[in-house]
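First, one chain by itself: the form predicted alone, in structure tokens.
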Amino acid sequence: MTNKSLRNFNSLKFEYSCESFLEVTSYEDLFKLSKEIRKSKTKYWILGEGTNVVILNDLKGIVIKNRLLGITITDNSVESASGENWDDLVKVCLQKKLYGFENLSGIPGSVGGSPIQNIGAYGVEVSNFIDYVETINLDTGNLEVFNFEECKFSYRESIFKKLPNLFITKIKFSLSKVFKPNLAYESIPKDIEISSAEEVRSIILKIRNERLTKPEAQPNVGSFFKNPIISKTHLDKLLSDYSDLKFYFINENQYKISAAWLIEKIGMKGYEMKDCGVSKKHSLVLVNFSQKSENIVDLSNKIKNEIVEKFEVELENEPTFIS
């Protein structure tokens, strides 16, 4: 399909288009597409559910929409095609009495997007469960499989962020048959008895609903910024001025600090600017009401500049920018 509108394929609802739009449903589609790309040298972008991308302009090339489906469960191993919806996979695993994903309930997006971003929430990261990630290299046509170590997972990072030519096809996860609730995260209530993973899921979904803005109501990509990681020296300096700073220990000289706290300290929670703004519910969520990207990019830059000036801390964008 040519000159396809991308408005319904990105959760910020930007009204951009692409020269060519192709949905892939099989490996055969991908191998054929790879051959065409190598022959024509056409620029391309891979799109899951569009919940973690910021499109900056009309895209002159091919947008490849992932429609690979299928989930296979053997014992405690789960193989999922990358085009499956992430939360649907969480529900399937709970139905099969496989545990570990419950704290990751409600995260929007596709299964294929989960390792790229190393999605995480409420004290759990998806990399805790990944055995391998299968891909097709669209630049070569080769099938390439990455084991856990080769994925190079870190906080909201993986090797796949640096390799946009890899189309993730399938992911193999190992879950547990024994339910052990992970309730360490600060916002999870500690004064209640938990007897099932379904109860944890229910609590997580309730917290998300109360704290986060749904893209259907106010277009957004969830957290727009990563929590910055700073040195012990920098942390001590900030604590001397701000005793209420929210921070988390990583190692002796690395501490993660709350980006939401930083944004609230510069008074920008609920801030509005030119058809976009900072959510009143959660300061990490930037909401958009414009057809174009300029306003929300300007807002994100304004936030970053003010935080550098006040705290000498640089925020990194969490979503992927494509142009």
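Counting begins at 1, following the sequence as shown. As the structure is a prediction and not an experimental result, all values here were calculated from the model.
Another form, the form predicted in complex with a small molecule, is not on view; read the next lines as being about it.
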Query raised in the report: Quick one: is I55 in contact with the small molecule in the predicted complex, heavy atoms, 4.5 Å cut-off?
Result: no
Query raised in the report: Does L166 reach the small molecule in the predicted complex if we count a contact as any heavy atom within 4.5 Å?
Result: yes
Requested in this report: With heavy atoms only and a cut-off of 4.5 Å, decide whether V221 touches the small molecule in the predicted complex.
Outcome: yes
Requested in this report: Check whether N227 has any heavy atom within 4.5 Å of a heavy atom of the small molecule in the predicted complex, and answer yes or no.
Outcome: no
Query raised in the report: If we take heavy atoms and a 4.5 Å cut-off, which stretch out of 94-102, 209-217, 69-77, 176-184 is in contact with the small molecule in the predicted complex?
Result: 209-217
Query raised in the report: Ok, I257, L59, I46, V287: which has a heavy atom sitting within 4.5 Å of the small molecule in the predicted complex?
Result: I46
Query raised in the report: Which residue among K172, R156, K232, K152 has a heavy atom within 4.5 angstroms of the small molecule in the predicted complex?
Result: R156
